[in-house]
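So this first bit is one chain, no partners, the form predicted on its own, shown in structure tokens.
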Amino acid sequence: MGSLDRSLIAGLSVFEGIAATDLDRIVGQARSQRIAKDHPVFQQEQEAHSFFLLLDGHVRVVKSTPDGHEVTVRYISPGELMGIAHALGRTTYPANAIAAVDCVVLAWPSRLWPAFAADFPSFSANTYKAVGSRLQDAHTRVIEMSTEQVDQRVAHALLKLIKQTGKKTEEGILIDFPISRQDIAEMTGTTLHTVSRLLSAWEDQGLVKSGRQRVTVVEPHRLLLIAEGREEKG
């Protein structure tokens, strides 16, 4: 593999405001890896040897709970950093990162983190901004779980996923990676049975179309009304 080109990372928000020569230095210390679908990028509690940038694909972040359950916490989109345990003051990864489709990542040894943070203040500022927004997301979800009806939570989750990865098709906006009803159930703190029942009802109403690991939102506006609790109960 030849040396990587800075055009891979130029224009990504996490590298905003960094000079071209510095981008060359950053990308020069990375290695590119392909991660096959369903394989881990890293695993929970494994020593955090590297941090990563997702270039292509989608990654599912899954946390194992003490009682052995797996919970899908969030999805990572291209251009996002992951495995930044050292930015959180940890030496191990806080969750599993599993390729939802075939992925390409850039990996840097974690020992470079302190130097990157010191030499490129905008890089560490952008990273902490990303960490902050993830914590804010997590906080929002905790509030949603405790205050919202299940249909609102599922509507919110679908809207978030189409915002992150939506692809316009003739039928509507497709969540552009494989996602199962079980994944949606985990993201919204509900059961597979409930999600299946909801999606079937929404399909009958023409709001969504869902097949095996595919979900298309046909009427995002009506879904937003449900998410906000404003849908007229028919």
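Residues carry their position along the shown sequence, with the first being 1. Source: prediction; values computed, not measured.
The same protein also has a form predicted in complex with a further copy of the same chain, omitted here; what follows describes it.
Between the options V150, A117, V104, V71, the residue in contact with a further copy of the same chain in the predicted bound form by a heavy atom within 4.5 angstroms is V71. a further copy of the same chain is not drawn, but in the predicted bound form it has a heavy atom within 4.5 Å of K63. Taking the partner from the other structure, a further copy of the same chain in the predicted bound form has no heavy atom within 4.5 Å of any heavy atom of R111.
When contacts are judged by a 4.5 Å heavy atom cut-off, P40 does not count as touching a further copy of the same chain in the predicted bound form. Residue contact with a further copy of the same chain in the predicted bound form: H156 places no heavy atom within 4.5 Å of it. With a further copy of the same chain omitted here, the record of contacts in the predicted bound form names 125-133 of 156-164, 125-133, 96-104, 75-83, defined by a heavy atom within 4.5 Å.
Residues V73, A87, L88, G89, R90 are the members of 73-101 with a non-hydrogen atom no more than 4.5 angstroms from a further copy of the same chain in the predicted bound form.
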